[in-house]
Structures are given as C-alpha cells and as structure tokens.
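Both blocks below hold the same protein chain, though in two forms, and each is given as structure tokens: structure 1 and structure 2.
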Structure 1
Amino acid sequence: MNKKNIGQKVLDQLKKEISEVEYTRYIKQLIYDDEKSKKDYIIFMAPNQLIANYIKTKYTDTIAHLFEINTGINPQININTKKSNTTGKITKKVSSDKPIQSLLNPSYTFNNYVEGGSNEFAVKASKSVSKKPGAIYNPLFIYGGVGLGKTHLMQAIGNVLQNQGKNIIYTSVEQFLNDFTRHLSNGTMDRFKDKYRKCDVLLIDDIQFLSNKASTQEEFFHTFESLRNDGKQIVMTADKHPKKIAGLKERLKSRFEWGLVADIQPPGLETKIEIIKKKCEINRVKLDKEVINYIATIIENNSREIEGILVKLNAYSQLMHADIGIEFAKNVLKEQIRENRENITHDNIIATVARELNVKASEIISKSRSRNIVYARRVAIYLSRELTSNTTPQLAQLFGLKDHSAVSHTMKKINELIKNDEDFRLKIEELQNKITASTQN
C-alpha cells in the first residue's frame, strides 16, 4: 500500500470507532500530508488551531495506535495548521536516538494550568518534582477522575524537564503494553529494556490499565525498580488511589505509595471559570463574561468538554457570521446540555439533595411539613424540573404533591430566591454540579 492511502485508511478506521458527529466535525477535516510524513513521523493538516488542539487532546493516541496496527511502527502524530510552526520546533527536539513517546503536548505547561483548591496539592507536588526530579517524591502518583487535568499536570513536569535537555518518556500504559508485546514477539527485548531504563524521567499515564495484566506488570515492575534505583523520576497517573486499583500486584501497589500520592478533585465553579478563560486565551477565542459563566455551569467536572465547546461555538459563529453572545451560546449548546443530563434521574437528585441538606431521602417524598424538609423538597422539585425531562404533572406525582400547579408554585418560589439571594443561587449551582457528577460514568 502506498503512503498516501495509509493516512486516509487510518482515518477511515477511526471513523468506525467514533460517533458520526465527532467524525464529521473534526476527523473529516484532516488532510494527510503525504509529502512530509515519514513512517515514524506523521503529519495531518487541520483547518484551524481549535480543531487541531481538539484532535491532539482527544485522538492522537488512537491515531498513532491505528498506524501501528497497519505499519508496525508507532509514529509521532502531528496535527498542524497552515499557520502553525510547531512542527519545526518539535522536530528539532526529537533527535533520532530519543524515544518517540517523549512527545509532549507543548501547551500542557504549568503556566497554562489553573490552580484551585481542588488541585492545589497535586500542583505543588508536581512543581516540586519538576524542580528536583528523582530527589524528593519518587514516584509521584497523581489520581483523580476523567478530565480533571492529570495528563496535563504530568506533562507540565515533562515539559519543564525536557526544556532542560532531559530525556523524557511519556507513555500510556496501553502504549507501554503494545511496545512490550511488539518487542517480545520481535525478539528485541534488549532494545525495549534499554529504551525505558535509559530515560531520565518516565511519565506513565493511566496506570489503572495495568490491572490484571500480569506479564506487563512484571515488566513494569523491573522498569520501575531499575529507574528508581538509578534515581530517575517516575510520575504516574490513575483514576483511583493505588490501593483501590483491582488486579494490581501488592508489590506494585506498595511501591506506588513510596513517594507521594496526590489527588485531584473536581473543580469548583470558580476554577472552572478560570480554566475556560485560560482555554480561550490559548485558543484565541473571545467570549464575554456571561458566556464564560454559562459554559462553566453547563460543563460537568470533566474539563475535556471545554475545548469541544469552544470549537463548536467558533464554528457556528463563523458559519452564521454572528457574534457569540449569551443567547447564541445557549442555542448552540442546547444539545450538549441534553447529552450531559440524559442520565440524571429524579432518584439521583433526591439522594444528592438529601445528603447535602441533611435530611432523609424518604422525608423528601413524605408529607412532612417540617421546615427543613419542605425546603429540601422544594429544592429537589426545582432541580428535577431543571435537570430531568419530567413534566410538572409527573413531578407532582413523584413528590406526592396535590397537582401540577403545586409544582409550578414551587418553581416560582425557588426562582425568586435564586434571583434575590446570591448564596442560595450558588448553593443550587453546587447541587447541580454534584448531581451531574454523581451520574457520570
């Protein structure tokens, strides 16, 4: 097969793995650069920086993997735009004897990372590690939910150290596993060992995928031991604390706790707003405060959504020759909200409200008139109306109210409170976030 077809073939294969909308909106926009691509260095052109960034964040691993399946080589994937000159910069850094996996996303820096209460500890730990690699917290283990910024933070450490000329390997467990299997079947395990044990810093992402993979765990154990004995820094991420990763050998679990374990919690509203501002700045998108606040309230805890939202808003605004005002944004993002809220049930809402307002779930749906229970019930009704597709008569039935007008009355009361009481409004917003978070995954 010639080279030209391989790029398209990979995109066609990717098409089968993703939704139609994702494909049409992003992947279909890519053009394979036949002239400049090499076997281990693939270039696609994207129509603009936003789409390029979106694909970089979400799809380069998969694209690289698909190339590997087709060619046996796991290439570096570059998504460029006509104006971008990142290729030049990156090429210089990756000299041929350096492992290809060392490619870091250059925008994943500490500067571009918003610090807030939810990630403060992890950021401090990461900064310390970037100042004294191998010396204080080794390994550094960062854990937290999807899209909370683990990969970004880990690569920020990598970017600092790479700029000092250190040899960095950034790899996902999946890539590590592929690499291992390939070298094993090739009879080139020496090269595998050499590569991983000779780096200065090993960044390994999504460690939970080592679960139940005995032989990869074994190999990783030896790599870990060798690097740590040589005083080389290891940074790992996972979706949970090492103790909680099932199917992981005890000796690995205990070693993962030898250095420092830092968690990242879901960001609060303020932090979300700052992250959106940061993303706007990086992607040169101008949004006014109202729109930014609005986006912050509709995204879940997963910050990955932000770039997608910016791409969407930007694309629509160009298409319609319209500025991105609040009404415009609400319209464009309708679908996003629906997608996010599809999984919420009124049971989720009652459970969260009960927990947060210190009443029992059974009391919320009881006939009790005691003040705090009535309050919790009203909040739950309001949130159910906002977050689920239940109609007012359905809600009346679910909450044991007389009829739909009682629901409308509650809605009116709560809306008044939201309008007049800033603390109350924030409390409602917080509850909404907690409910959406509790229904993720």
Structure 2
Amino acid sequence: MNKKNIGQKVLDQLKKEISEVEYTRYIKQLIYDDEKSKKDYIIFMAPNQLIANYIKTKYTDTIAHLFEINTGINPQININTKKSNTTGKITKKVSSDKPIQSLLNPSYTFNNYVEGGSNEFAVKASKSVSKKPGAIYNPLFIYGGVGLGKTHLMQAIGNVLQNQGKNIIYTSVEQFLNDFTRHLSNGTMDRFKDKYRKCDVLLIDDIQFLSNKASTQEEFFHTFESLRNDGKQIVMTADKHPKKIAGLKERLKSRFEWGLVADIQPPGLETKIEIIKKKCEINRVKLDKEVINYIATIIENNSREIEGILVKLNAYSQLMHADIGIEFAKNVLKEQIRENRENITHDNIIATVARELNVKASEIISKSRSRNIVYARRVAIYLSRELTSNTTPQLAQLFGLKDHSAVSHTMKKINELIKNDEDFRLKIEELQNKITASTQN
C-alpha cells in the first residue's frame, strides 16, 4: 500500500466509527506525516496541544488498531503539534529482548489522576498492584460508568511497570476479538498466544463485551489461566461488577473475582472541580474560579466531557479573540446547559433530589420533620418553582403544605443560602442540570 495514502485511509475508516461532530472537530484536523512515519511508528500533526491531547486520550488505541488491520503491524501512534519536538507516545527503551507491544498513553499517570471519595479504593488498589505486580490483587477488576477514569487508572499501572522494563500488553476486548479472529483465519494462533501469554502484564478494557462470545471467552479463559499460573499481572475494566455481566461463563466470573474487585463511583462536585483544574493545568488553559465551578455544575457524571469542553472553549476564544469569562462560557456551552425544560415534571425533580440527597422520594412529600428530609424537601420546592410552571399554591398542594406562604418562606430561605453559601449554590446548579439532563435522555 502507498505509504503516503495509508494515514488518510485510516482516518477515513475512523470517520465511519465516530460521530460526524467528533470527526469534524478533532480527527479532520490531523495531518499524516508521511516523511517521518514508519511502519511501527506513526506520526500525525495536530493544530494545537488541546486537540492533540484530546485525540491521544480518546482515539490513539483505535487508530493503532486500524493501522494493524491495514498493515498487520500494531504501531505507536504519535500526535504532535507544529511547536512540539516530542512525540505523543514514547516507549522507554530497556535492556530486554522482549518486545514492548503496549499502546499506553504516557499522560495517564497516578500523578495527574484526581483522587476523591468516589475512587479512593480503586486508586489505592491500583497503586498497590503497580508496586507488586502478580503478587497482590491478581486479577484487579475495576468497574464503573463511562468516563470515570477506569482506563486512566489501568494505564497508570502499565506506565509505572513499563518504565521498569516490563512487557505490557494494553488492549480492549474488541481488539482482542479481532486479533483472535484474524490469527485464527490465518492459521497463526501461535503468534497470537505468544503475544498475549508471554507478556508480564495484561491490561484489557471493556471486559463486558466478552458477553455471549463463546469462542473468544474460551480463548480468554486459557490466556487468563496461563498468565495467572505464571504469576503475571492481569488488570481488567468493565462497566459493571463481573457478577452482573450477562452472557459471561460462570468460570470466568468466578476467576475475575479471585483477586480484587474495585468500583469507581461518579465524582462529587468537589472532585469534578479538582479534575477540571488538573485538566486546565495539563492543557495549559487558564480559567478563573467562576468558570471552573460553572463547568463542574453542567457536566454530568462523565469527566471525559471536560476535555471536549476545554477544546471548545479554547477554539471559540481564539476565533473570537475573546477571554473565557463566565458569560462567554455560558454562551459557548449552551448545548451542555440543556436549557430546554419543557419536559421537566414535579416527579422528575423529586426523584433526582431524593437520589442525590440520599432520601426516599416518599419522604420528601411526607410530614416528616427529620432534618435531612426537611432540607431535601426545601431543595425540591425551590427547584420545582424554578424549573416548572407550577404556581406557589399548586406547589403547596403537591408538597402537602398548609398554604402558598410556606412555599414563599422556603424560596426566601433557599435564595439566602444561595447568596451566602457558594458550595450550596453550586450544589443547586448541579441538581438543576441533572434534572434537565434526565429529561433529555
């Protein structure tokens, strides 16, 4: 295949797998460097560091896999900028005759991973594994929702161990399946087994996609057994606990729990603020406290949104020659705000407040005077007045209050808190956006 055309062919193939917006905003900006690229070392140029970092985080493993499909070689993918003299992916050279076959993102480290109450256990477990691979928590199974940092933690383990000269394989179940299918059809299963069973550490993403794939499950079972019997470390991620993965053989479920299962919960508001600060630092984007706090309230539970938001704000700022202030941010990010509130109901609000404040929906509309329930009830009343067209008499009836004056009193109290307590204001804004988002999904 013509060397000059392969880079664009891969990007054209990627276009079919992602949304048109993502392709236009990020991937279309890449230029294949055909002069400096080699078969196992691919270089793309991005217009700025923000776009480069976003693509490194989200797409490099997919791009590498598409190159492997086209050329049979799984290369390193480097995303550079015109001002950059370093590559986006660096494999440390070590005195070993074992090939380093990982596609680790070097920006995924423990140092730039924001730890909070929602992920503390998983972080400590991951650090322990990076210090004693194969000897503690083997396998390590990390699960949680999309964009909560599972892959970051797993690759942080890989980066620590790769720098120690370990042979790391990082892959996804989809890539494992494609590899298995290709080698099986080509009669080269020995090469497949050498790749996956002779590494020091196997990192494998999205294990839930093994569901109902009998032959792939069988092969992965033998790979798992071989690695673990040899004292090699296995780390897996999934969107749910292994027991809850339907279509997975029981012997695999049980083995996935042999070591340690650690979950990552959605980050709280404070953790989201720290994540945004860290992303700004990494991407060299300057945002003031008010804008950072605002972004934290409009993103949902997926911290992966942050990179996209920073790219968007930075691009608009450069195009319009404007500083990123709070009004500028609100205008640019109106899609994330989801201001269309036509479908919001009293029940939506009650359900969200109950879930977020850890009380029962029935308690909010009860006569209970328990402090936490009164607090939740007042928040629900305020949000119902702000987000729906219900009048104060209607709200008094819905919440079982004596009359509309009780609603007015609640509104006054909540508004005072919003004015004087920034943390409370941020919590109210976060709840507003979660309620709005829930009616749009």
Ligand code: ADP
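Residue 1 is the first residue of structure 1, and the numbers go on in sequence order from there. Note that the coordinates shown come from a computational prediction; the quantities given were computed from them, not determined experimentally. The term rigid core refers to the maximal set of C-alpha atoms that superpose within 1.5 Å between the two forms.
Of structures 1 and 2, select the one representing the form predicted alone.
-> Answer is structure 2, the other one does not fit.
Is I73 one of the residues whose Cα moves 2 Å or more between the two structures, with the core superposed?
-> The answer is yes; the displacement is at least 2 Å.
After fitting the core, L248 CA displacement of 2 Å or more between the two structures | No, shifts by less than 2 Å.
C-alpha of T352 moved at least 2 Å between the two structures on rigid core | Comparing the forms between the two structures, which are aligned on their rigid core, T352 does shift its C-alpha by 2 Å or more.
If you line up the core, how far does the Cα of Q13 move between the two structures, in Å?
-> Displacement of the C-alpha, rigid core superposed: 3.5 Å.
Cα displacement of L387 between the two structures, core-superposed (Å) = Its C-alpha shift, to one decimal, is 6.2 Å.
Core-aligned, what's the Cα displacement of L401 between the two structures in Å?
-> So the C-alpha of this residue moves 12.3 Å.
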